[in-house]
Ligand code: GAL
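One chain follows as structure tokens, the form predicted on its own.
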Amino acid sequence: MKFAGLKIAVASALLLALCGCSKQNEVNWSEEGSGVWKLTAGKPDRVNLLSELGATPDWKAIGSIGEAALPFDAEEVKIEVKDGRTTVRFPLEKDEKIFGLGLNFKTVEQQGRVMRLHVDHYGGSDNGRTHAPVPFFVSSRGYGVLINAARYIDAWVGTGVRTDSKNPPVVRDRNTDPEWNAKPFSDNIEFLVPADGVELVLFTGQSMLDVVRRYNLYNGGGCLPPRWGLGFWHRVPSLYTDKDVMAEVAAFEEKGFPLNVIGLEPGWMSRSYPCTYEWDDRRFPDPGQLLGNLDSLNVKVNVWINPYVSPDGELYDKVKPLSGSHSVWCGLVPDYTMAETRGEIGSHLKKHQIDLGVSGYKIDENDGYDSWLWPDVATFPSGISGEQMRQIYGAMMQKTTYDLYKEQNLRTYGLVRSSNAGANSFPYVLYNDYYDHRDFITAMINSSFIGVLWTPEVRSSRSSEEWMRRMQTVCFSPLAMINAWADGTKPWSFEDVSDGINELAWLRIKLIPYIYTAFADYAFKGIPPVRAMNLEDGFSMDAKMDSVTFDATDNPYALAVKREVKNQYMFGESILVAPVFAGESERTVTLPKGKWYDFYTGEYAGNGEVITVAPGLDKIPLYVKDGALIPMYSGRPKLDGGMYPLEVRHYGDASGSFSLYDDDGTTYNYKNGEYVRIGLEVSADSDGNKKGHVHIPDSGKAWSYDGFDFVFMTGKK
């Protein structure tokens, strides 16, 4: 019996008997909405990953995705509660691909992996300890599951072969059979939750993208940053003064580089590690005046914080009774799950930053390193355990600061070191101290499966080539930023590529109409603004296993390494990004089915094939779908709320359209319907003649665009 738009009473009756007669093992299914089911067994924890965040599912948008059946028999889902532990099992087919399960940096497909999903810094191994260990997986069969537990969750993805398997692997003799495999196929995905029960949320879809969309919309939809947040960011050295900051801004202006957000690192504060969240009056004697001066230059300010409260500040005594049993760096660990705590800290942040004009936060060091974070034996006044607090702490800090700006009807955008399920509506992008460029791209790809955003921020480079390559990828990410907190690098630090970096930074600014629309689609439709190729229609490149050689020392079990397409991704609706890394003069690009064209020239690139390209140092390879429209600012806009003309590029020979999103760019009025979708269309006839059309609804208003110039990037095949 399949679970397809079913009669829930019948399905529930069927499933109540799945795990035997023990009441604690009864599995209860309830249909929450179109393509969304909730499963519970035993006594799930009162606090879970979603319970403290206040997100509301967008059922209307979820319903618009369309119906999709559960692709397996309901009887194949097994849940057992025993001895304070809950095990969960889902079926797995041989050709099935599993994605998600946290912000991984080296792998995209997760079949064959063993992990413990645990909020932590990333230590170089995809073992589950990561900044966003979201316990949500997506299957190529068209479903996904969120294990909604704020616990350290163990996962075995096709690795544990059961003796009662319906599809047991072939028994082979290692001595004589060259097909022997140290990791034989397992036909199940299993999880262990250290609790007396569990809540699961299951999503279906006609495609994996539909599943991801449902998951994002269930958590309230993605964030829509202010327009300025999508511009260019620069974080200054930690001990800069107000004069240093103004000089840095002046240098950007003098050299003609865009600068929309300047970030202040720990030295802006009177004490940090732990923090007072109060200005250091030696470096910043009049922060209000500084912020006002920067605002007059149309530069926003983002300030660094970490969670730990210093005894030297006015906040300490207020939050001491609202904090945990252990300190970090001799600072209090506030219990952000309590409304009273959020109120005290919120009032303090409002007084010292937000009311003065600070536009957002970089929330650091709420992720890991067991040697200095609170231990799992820590207690908190809310009664939440140290383990559970570890899993949701970053999300709670995001919620607290997000709510402060929401109350002012101002959008914010910031950075954070820790996140988890349900936080996708908060306007934060993850980052870390790990600095492998290739792995940064893999992480950005993985982020699209789990409802988080990730930035491959730029800090330093060993050569101008590396500097250019890193800058190229960060300019095609959710947040374009240089972080010069330690070494004082500037966009023009490598003179031989300075002009190319300038052109690249301005390309990022010019693409904001396109990027802003992509984020609107994230907010309203649940479509990730940066997404894995596996979520793109027409992409069918199968991962393969590299051939291996037995080595008694280095590879005694002759384990194969999976080859995956993990160095290219979709950026917005229609642009394929294929980064090049330092030391490379060429690379291969896997194009999905359909005609694709070079972004810069409009020349035909290929159709459902693997191509080799040598772009030169000054270009990151970009490809655009046939018929796609890419709206771009003309000239060099200041993102000051003014009206600017657009260049609308059309690629290929097919007719096409683009639903350009626009609103005031700064407030939450769009949630009350104050936005417009401007229809951009290009019609092409059989003779190759093309014509552009603009449709602004009669009831609509254009806040940002005062002209549309169609440019036909024609590439013949």
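Fair warning: this is a prediction, and the values are worked out from it, not measured in the lab. Start at 1 with the first residue shown and count on from there.
One more form of this protein exists, namely the form predicted together with beta-D-galactopyranose; it is left out here, but the text below deals with it.
- The stretch among 627-635, 165-173, 226-234, 478-486 whose residues place heavy atoms within 4.5 Å of beta-D-galactopyranose in the predicted complex is 478-486.
- Interface membership of Phe524, defined by any non-hydrogen atom within 4.5 Å of beta-D-galactopyranose in the predicted complex, is ruled out.
- Within this chain, Phe539 is remote from the site of beta-D-galactopyranose in the predicted complex, having no heavy atom within 4.5 Å.
- beta-D-galactopyranose is not drawn, but in the predicted complex it has no heavy atom within 4.5 Å of Gly608.
- Of the heavy atoms in Asp364, some are within 4.5 Å of beta-D-galactopyranose in the predicted complex.
- When you look in the predicted complex, the only residue of Glu199, Asp120, Asp210, Glu265 with a non-hydrogen atom within 4.5 Å of beta-D-galactopyranose is Glu265.
- Contact with beta-D-galactopyranose in the predicted complex, defined as a heavy atom within 4.5 Å, holds for exactly one of Phe284, Phe137, Trp304, Trp467, namely Trp304.
- Heavy atoms closer than or equal to 4.5 Å to beta-D-galactopyranose in the predicted complex belong, across 427-446, to the residues Tyr431, Asp433, ordered by sequence position.
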